[in-house]
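Just one chain follows, in the form predicted alone, and it is written as structure tokens.
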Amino acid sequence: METFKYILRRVLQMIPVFIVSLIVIFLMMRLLPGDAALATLGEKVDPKVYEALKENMGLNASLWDQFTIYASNLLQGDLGSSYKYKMPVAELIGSRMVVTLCLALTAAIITIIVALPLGYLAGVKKDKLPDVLVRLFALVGLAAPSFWVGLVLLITLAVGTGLFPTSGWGKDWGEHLWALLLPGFTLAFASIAVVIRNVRNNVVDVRNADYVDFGRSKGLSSWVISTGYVLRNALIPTATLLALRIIGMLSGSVIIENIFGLPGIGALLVEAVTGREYATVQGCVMVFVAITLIVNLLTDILYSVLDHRIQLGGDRA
């Protein structure tokens, strides 16, 4: 019951955050230089057509009227329509959402597969050669910008060898997965470095904890101590870090999708900002905000699963 109350309270707390985000992005789009109607029609256009489009887009109304109309439509599930793509924004985002979520999921899986073992290895081999090599790799990951890593991989492994596609994401799931490997690794590269350092430091701290020494004194096997004592407790703070990195991956997809030509929300957002597609930009940003809030909530739930002393909505046991 306490868990349900906690989740309900968190959901209610999301509402004002969502409203503030909606107001901010609405005002920011209107403050950008340029004319949305001209961006849609082009410079050489019949004035009557231009005025008719402005009226149709609601740009002749005051900012307050534009916002109230947009908010009212949003409450009814209507995100507006894209004048460039000639379709509702909800359908447009839905068609692009799969690509972005698959990219973020691929990057998260790569991060977990690479970072957790290397971080654990560096922790148990503290100050030895494996630790030095892993920390050096993490340092490179922290220093290298994602766009640079993406361009290097694109030139060497896609253009240079032809093993990977240079753009797009294929026609079936086999091609989708293959096309997501390079951008997924690019998106994960910085996160791998951060998670490695975090896991390594956590493992070093946990290995010196009293309860680990107590487990050894009971004659428990090294496997039980490594998984049940060291790794499990080392992953508790890492869970929050991973959630934050996943959120960062979603925002980072804006750059990666444009480098690798992936038809996701990130690429759509750039196109919409350039074309002054107000409704599309607002819809994309609201999706990112909603995902961020949901991931934060799921992280708190996962935190309580990893550490049973943590009770959602209550105090530590």
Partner chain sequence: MDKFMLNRRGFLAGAAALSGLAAFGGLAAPQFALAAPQEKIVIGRPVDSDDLDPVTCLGNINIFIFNLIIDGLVKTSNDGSEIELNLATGYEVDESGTVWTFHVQEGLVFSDGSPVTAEDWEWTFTRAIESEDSNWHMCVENIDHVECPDDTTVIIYCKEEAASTLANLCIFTLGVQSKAYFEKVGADEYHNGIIGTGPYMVKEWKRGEYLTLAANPNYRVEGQPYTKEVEFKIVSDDSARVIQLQGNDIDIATDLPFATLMQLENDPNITVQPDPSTMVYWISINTTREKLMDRKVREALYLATNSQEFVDTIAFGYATAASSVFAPTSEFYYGGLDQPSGDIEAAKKLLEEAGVSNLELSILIRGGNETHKAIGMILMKQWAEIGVTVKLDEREATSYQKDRKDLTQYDLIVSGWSDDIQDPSEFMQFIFDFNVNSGYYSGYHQPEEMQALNAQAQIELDNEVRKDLYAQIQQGFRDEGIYIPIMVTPWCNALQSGVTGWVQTPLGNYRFEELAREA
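Quick caveat, the model's predicted, so the values are computed rather than measured. Numbering follows the first chain given and starts at 1.
The discussion below concerns the form predicted in complex with its partner chain, not included here.
Proximity of residue 128 to its partner chain in the predicted complex falls outside the 4.5 Å heavy atom cutoff.
Its partner chain is not drawn, but in the predicted complex it has a heavy atom within 4.5 Å of residue 274. With a 4.5 Å cutoff on heavy atoms, residue 236 does not count as touching its partner chain in the predicted complex; it lies far away. Among heavy atoms of residue 35, some come within 4.5 Å of its partner chain in the predicted complex. Shown without its partner, this chain lists 27, 45, 61, 69 as candidates; in the predicted complex, only 45 has a non-hydrogen atom within 4.5 angstroms of its partner chain. Between 100 to 108, 165 to 173, 117 to 125, 183 to 191, the stretch whose residues reach within 4.5 angstroms of its partner chain in the predicted complex through a non-hydrogen atom is 165 to 173. The putative spot formed by 5, 206 and 240 is not touched by its partner chain in the predicted complex; no residue has a non-hydrogen atom within 4.5 angstroms of it. Although its partner chain is not shown here, in the predicted complex the stretch 236 to 259 places heavy atoms of 258, 259 within 4.5 Å of it, in sequence order.
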